[in-house]
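This document opens with one chain alone, in structure tokens, the form predicted on its own.
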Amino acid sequence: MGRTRFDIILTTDRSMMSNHHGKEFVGFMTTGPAIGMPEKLWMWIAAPKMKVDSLGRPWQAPYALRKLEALLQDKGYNAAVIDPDYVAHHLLDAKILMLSHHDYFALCPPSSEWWLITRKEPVNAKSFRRFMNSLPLAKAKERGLKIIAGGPAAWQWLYRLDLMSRWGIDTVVDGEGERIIIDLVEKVYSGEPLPRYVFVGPSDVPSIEEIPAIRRPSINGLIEIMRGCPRGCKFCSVTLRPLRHMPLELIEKEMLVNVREGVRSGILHSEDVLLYGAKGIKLNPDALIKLHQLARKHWESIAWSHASLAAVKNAEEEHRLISRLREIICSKGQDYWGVEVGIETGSVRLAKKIMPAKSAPYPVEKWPEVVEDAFTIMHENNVIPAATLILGLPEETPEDVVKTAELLDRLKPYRSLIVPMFFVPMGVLKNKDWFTDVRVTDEHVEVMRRCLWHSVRWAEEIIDKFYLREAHLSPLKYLLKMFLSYVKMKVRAYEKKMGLRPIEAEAAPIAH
């Protein structure tokens, strides 16, 4: 490999710099510790190495890094995303190292929940620490290297000031970076001091015109179609950001960047894909149809990053939109698509307090019905949701958790994965062993058991009938099925040890 110099290196660790065998859901395994197998095998399943060119530039890279790479290159800077295995080679020539991550120290859910349950550090945090410790940072800092860290988990650095100091992090950028990052780069080039922490508030986010088009492929073809969310849930920071809908011209340009370099499938990304082109929560069926027709024109398969359950129900009931989108998506050999959704709670009382608009346009009192109706619609249209629950919310009572357990029982017949996550206030995170402060009740255990058995049951069918059908992924499919068998064995043993009533065989789901 030659000594081509990059003044600005953008990177992250292996848990993020991977396309997860082209299967985005598999990447969620990086949020847990290695269970039932060596960590190297776990990492091969969850985050195999990325193909790179002779300079160590990865074939695909996280979308946020691709955005900043394009922005910097558009402004004339010699910048590139570099695979973590090749960063050390370039570091001594660089002026700036930029880092990004979804969960630097495994403090976000679901990493935090895995840590809580197993008392083992998830592989994403271990992978990032190994990566940082492998770099010749002392020599690079002596030369004047500046390190800027950002991404969705930027806030976590405030609770690991020791690591900020050890690794010489100069600046942390918390929030959308397109507008502020050029100012910081200019400060480095002019020798001005950098601020230690920058918070990008709602009034400082970039406009559509300030958001560049990526120049090289993103992980699994992910393309951003919208930023922000109008629902105002109290546990979510995305609601602070103003809504911005990406024009179809920009979306198509980024699709073609991926397709031309061999990434022929993609993920439409926003906090709620069904609100693309909407006014508030008033759906825009024409905009969604055009978006998906465009995606089908260029992609072999289509997935969604997130959708709200209320929008799923509203889309089908008012516009028969899920069925119409299925006709577009499930063609050319595709027969299902995946999406993340948020159940959060089965308690109407809690829903009123923390997410009163999440059920809109339906009344919040109907939230459990909205959830079940949306799950029914998704099941009938071969949409496979990965759903989240939040346990331990402020003001939560045992009765609230029981309501969530009751809702889970109603969701048994619907093909889905359901993941419980614990709400952890950031102040608690100051304690390195923060998970010891989380009070897990008997009711929480019941919800977690219901989630686990629900997910294991449906995961087995999903793997058999929908997922990992390509011949070259047979070893991965076999390992995942073995992992599910291991999980069932361990949970049965735990239930027997604790004298808990087995729920594995209760009301097995009816697939149709």
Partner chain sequence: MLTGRFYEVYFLGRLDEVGVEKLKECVFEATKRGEERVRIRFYVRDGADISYLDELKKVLLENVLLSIVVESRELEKLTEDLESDEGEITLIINEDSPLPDLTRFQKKLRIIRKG
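Residue numbers count along the first chain shown, from 1. Treat the numbers as computed from the prediction; the structure is a model and nothing was measured.
One more form of this protein should be noted, the form predicted together with its partner chain, which is absent from this view; the next part is about it.
Between 180 to 188, 367 to 375, 349 to 357, 412 to 420, the stretch whose residues reach within 4.5 angstroms of its partner chain in the predicted complex through a non-hydrogen atom is 180 to 188.
For Pro152, no non-hydrogen atom is located within 4.5 Å of its partner chain in the predicted complex, even though that partner is not displayed. A residue is said to contact a partner when one of its heavy atoms sits within 4.5 Å of a partner heavy atom; Val198 meets this definition for its partner chain in the predicted complex. Within 4.5 Å of some heavy atom of its partner chain in the predicted complex lies at least one heavy atom of Pro202. When contacts are judged by a 4.5 Å heavy atom cut-off, Tyr159 counts as touching its partner chain in the predicted complex. Residue-level contacts in the predicted complex: of Pro136, Pro242, Pro193, Gly144, one residue has a heavy atom within 4.5 Å of its partner chain, and it is Pro193. Between its partner chain and the residues Thr397, Ser207, Ser165, Gln293, the one pair within 4.5 Å by heavy atoms in the predicted complex involves Ser165.
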